[in-house]
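Included below are structure tokens for two forms of one protein chain, each presented in isolation as structure 1 and structure 2.
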Structure 1
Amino acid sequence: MSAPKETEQHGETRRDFMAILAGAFGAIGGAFAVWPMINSLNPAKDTLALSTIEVDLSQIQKGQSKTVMWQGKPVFIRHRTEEEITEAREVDVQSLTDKQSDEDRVQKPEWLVAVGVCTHLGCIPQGQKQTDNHGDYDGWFCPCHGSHYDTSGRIRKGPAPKNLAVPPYEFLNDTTIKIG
């Protein structure tokens, strides 16, 4: 009489186990099915292939700036004057919002390369043209919410929390840099 009962109990556990296993398979399968769709939203291969650019610096005079597009964003390249370099280097780093020395931000003192996107909410700061508003620190001024950047692209006044980002770049020779 006890035999059928045992079988039934055995059956119970086996079914529970099977049900859990089936649930696990369903969940894993679902996750693997969803991943390609999510991943398709990441940058595609052609987008990634365009993630480096080369810029010729020979045409940029001292005191002038050039804006180039890199990864869909403007990059500011400024050929700095001696005064601008001195100005950037005399600041007490400890007094800054985002503590960074000018030496850490440039590879060659006369060339500043920075992503021209305000670190507050993503506007493009003014200051690339001679006639632009350069802000209180002779660098760039973001008209959206009044952030002032200095000649090293560092935040000095206003709501932005960080200095203008420095993209990865290298000098291929004296007059050419590769960004990215």
Structure 2
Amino acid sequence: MSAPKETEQHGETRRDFMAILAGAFGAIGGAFAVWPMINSLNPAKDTLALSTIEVDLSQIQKGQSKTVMWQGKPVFIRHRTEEEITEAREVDVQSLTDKQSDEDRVQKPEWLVAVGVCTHLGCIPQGQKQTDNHGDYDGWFCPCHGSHYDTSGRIRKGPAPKNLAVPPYEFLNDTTIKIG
């Protein structure tokens, strides 16, 4: 009988190497086959492009509002007057349905940024134009079911259970904000 080969003593043969190599190629091939399916679950590029928008505030005068679209929803941007700021800050927070102070809803007192969708049934409240009905609190009014919002976008009267949502936003400089 001949002496065992050195590679057989350690349990490593050419067959073992080929099995490991085939397994590695199979795993890599499987990953390449599955990747398109996994990648299809990511948001589309056009959706990602809408995830953030930059808005120039320099054209909005005090007392005026602007509506922009973000993620398929209207966002109300209002350049508030001193009277609107004072009115919003003097409200007793404990008297509100959704208890939020004005300071919790704005980053700079003169700028209010809120998603323009009524929290009752998803209608678009009136109040962006000077000629619109602004409701009993000089903010926004949803004529569908009678919800009244104040100059801070807080629900003050009517069936809406929550304030107008404040989207994530940041000031890039004094005249530009990034929403999203």
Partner chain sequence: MGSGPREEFDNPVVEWIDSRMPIFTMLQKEYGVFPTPKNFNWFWNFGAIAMFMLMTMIVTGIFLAMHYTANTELAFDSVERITRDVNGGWLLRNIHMNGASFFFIAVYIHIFRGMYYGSYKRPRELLWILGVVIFLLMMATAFIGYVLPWGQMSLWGATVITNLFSAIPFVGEDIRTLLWGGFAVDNPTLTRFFALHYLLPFVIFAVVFLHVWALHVTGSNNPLGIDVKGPQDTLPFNPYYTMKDIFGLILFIIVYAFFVFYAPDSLGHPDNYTPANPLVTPPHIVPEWYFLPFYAILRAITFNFNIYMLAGVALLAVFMVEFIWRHSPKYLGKSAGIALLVIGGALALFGLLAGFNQHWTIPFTDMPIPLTSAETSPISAKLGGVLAMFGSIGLLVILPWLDNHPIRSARFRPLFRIFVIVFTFSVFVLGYAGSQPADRVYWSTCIGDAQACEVLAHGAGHGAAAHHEADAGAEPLVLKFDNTMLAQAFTGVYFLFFLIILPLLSRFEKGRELPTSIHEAVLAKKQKAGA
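Just so you know, these numbers come straight off a predicted model, no measurement behind them. Each form is matched to the other, and the largest set of C-alpha atoms that superpose within 1.5 Å is called the rigid core. Numbering runs along the sequence of structure 1, starting at 1.
- In this comparison the chain labelled structure 1 is the form predicted in complex with the partner chain, and the other chain is not.
- Core-superposed comparison between structure 1 and structure 2: the CA of A165 stays below a 2 Å shift.
- Shown in the overlay between structure 1 and structure 2, fitted on the rigid core, is a CA shift at T131 smaller than 2 Å.
- For S40, the displacement of the CA atom between structure 1 and structure 2, after superposition on the rigid core, amounts to 6.7 Å.
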